[in-house]
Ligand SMILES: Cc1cc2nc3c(=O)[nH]c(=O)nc-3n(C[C@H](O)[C@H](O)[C@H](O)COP(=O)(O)OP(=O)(O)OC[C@H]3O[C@@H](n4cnc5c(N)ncnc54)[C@H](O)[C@@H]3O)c2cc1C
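Read the single chain below, which is given as C-alpha cells and is the form predicted on its own.
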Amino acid sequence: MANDASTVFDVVILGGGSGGYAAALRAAQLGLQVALIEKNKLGGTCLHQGCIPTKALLHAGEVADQTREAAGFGVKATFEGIDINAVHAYKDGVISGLYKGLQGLVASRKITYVEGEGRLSSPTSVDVNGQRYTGRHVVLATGSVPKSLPGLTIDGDRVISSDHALKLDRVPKSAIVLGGGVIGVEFASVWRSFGAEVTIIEALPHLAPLEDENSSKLLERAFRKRGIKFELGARFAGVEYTETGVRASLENGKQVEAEIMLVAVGRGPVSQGLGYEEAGVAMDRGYVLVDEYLQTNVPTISAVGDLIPTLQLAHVGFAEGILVAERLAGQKVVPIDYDGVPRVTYCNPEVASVGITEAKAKEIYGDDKVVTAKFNLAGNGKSKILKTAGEIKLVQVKDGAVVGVHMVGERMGEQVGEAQLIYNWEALPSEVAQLIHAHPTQNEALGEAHLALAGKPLHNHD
C-alpha cells in the first residue's frame, strides 16, 4: 500500500452519504483539511436509493390520485394510466439536479474527494485505490443496506428490496409488502396510487409500529379506505414461486399471492470487512457503538449515520456529521436529543411526529401525570378544502410542557417544523395558544390543538 506521507488530513471520512458529506462540509467550513471517500455516488442512500427517489414516486402517486379525484373539485380530467418510464425520468431528473449541486458544493469547499472502496487500516488511516489517507481523526459513515430475514433470499426479480423497487420497469398488478414500517407503508402507498393491489404483512400489532398507537390506527383506517390490505400480528413463514408470481405463507396458516414481494424489514449497517474490528472499534450486531458525542471507544475514530444504532433518518445523519465536525474543530457541542428529531412517513396520508408517545410518557411520568388532546382535521378549513382527513394529538405532562406531537393527514410533514420547536423548547400549551396561526392553513390545526389543551378550544368540541 502506497503511503502519501506528504499530507496528513485533519479528518478522513469514510462514506459520502448524509452523515459523511455533512461532516465533510462543516469541517471544511471550519478550516479543517478534509478527505472524503465514497465507493458509489456522493449523497449515498438518501439521494440515490432512499429519501429523494421515494418521495418523487410518492408525489407522482399523489398526482395520479388527484387526477382520478379531480371531478370532486369541479375539474374535468381523465386518468389514463402510469407511464413508468416517464415517472423514472422525472425521479432521476430530481436526483441528477441535486447530485450535481452536491458535487459542486463539495468541490467549492476544497475537500479532497476520493472515489473508491475504502477500508480502515489503522485508527488514523483509510486505504483506498492503493493509496493510504492518513488523518488526525477518522469518521466512519458507511451507511446501511436493505435487510432480509433468515432463509429469505432477495432475488431482485420476484422477491425484491427497496433498491429494486425504485427501478422496477413496470407497475405490478399486485404486490406483497413484507414489513409495515416506514419503507413498507411508503411503497404500499405508491403502488396503490399507481393502481396495484397491495397487501402488507407486519409481525407487530400495528402499521408504523414506532409511532403513537393513535397515529397507527388512523393510518390503518385510511389505508382500508384506500383499499390497501394488511395482515397485522402476522409472522412471515416463507415464500414460494407460483406460475404468475409468489405466494407468501404466514405462521397463522394464511397465504397471500401476488406478482411480486417487497422485503421491507429495515436496513442493516454496512460494516463487515472494512477493518473496524481489527482497529479495535467496539461493535454490536454490526453497528458501531459511540458515546453521546459520537466518539467510539477508539479516541481517534467517530461514527455517524445509519452505521450507528440511532434513528435511521437522513436529517439525523446531517446533525450527527455536523456535531462531529464541530467537536473536532474544538467547538462546544451539545448531544442530540433523538426524541426531539422530527419523524415523517410520507405515505398518503402522511404520519408525522416529534417527541414521545403517550405510552412512553406514561411509562416515564406515570399515568396520572399525562394529559392528551386531539384536534380532528375535520374542523380545519384548509384540510376541508384539500378533502383530507386526519388528526393532531398532543401529549403533555400535567401542568407542564408538551412532550409529544403526533399528526396524521396530507401534508402533515410540512407542519412538523413548528412541532419540533414546541417540543425542543419545552413549550407550555398556553404559550403556543397565544401564537396566532394563519387562516386558512393546515398549520392552524396545530395551534387549535394547543388551544384545546390550554382549555379554550375553538373549532372543536370540548
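In this text, residue numbers run from 1 along the sequence as written. Source: prediction; values computed, not measured.
Missing here is the form predicted together with the ligand; even so, the following discussion is about that form.
Residues within 4.5 angstroms of the ligand in the model of the complex, judged by any non-hydrogen atom, belong to 136-144 and to none of the other stretches in 198-206, 102-110, 279-287, 136-144.
Only one of Ser174, Gln312, Asn214, Thr388 comes within 4.5 Å of the ligand in the model of the complex through a heavy atom, and that residue is Gln312. Residue-level contacts in the model of the complex: of Ser125, Ser193, Thr296, Ser162, one residue has a heavy atom within 4.5 Å of the ligand, and it is Ser162. At the 4.5 Å threshold, heavy atoms of Arg267 reach the ligand in the model of the complex. Among heavy atoms of Ile183, some come within 4.5 Å of the ligand in the model of the complex.
With a 4.5 Å cutoff on heavy atoms, Gly404 does not count as touching the ligand in the model of the complex; it lies far away. Taking the partner from the other structure, the ligand in the model of the complex has a heavy atom within 4.5 Å of a heavy atom of Thr45. Residues of 12-37 lying near the ligand in the model of the complex, listed in sequence order, are Leu14, Gly15, Gly16, Gly17, Ser18, Gly19, Gly20, Ile37, the criterion being any heavy atom within 4.5 Å.
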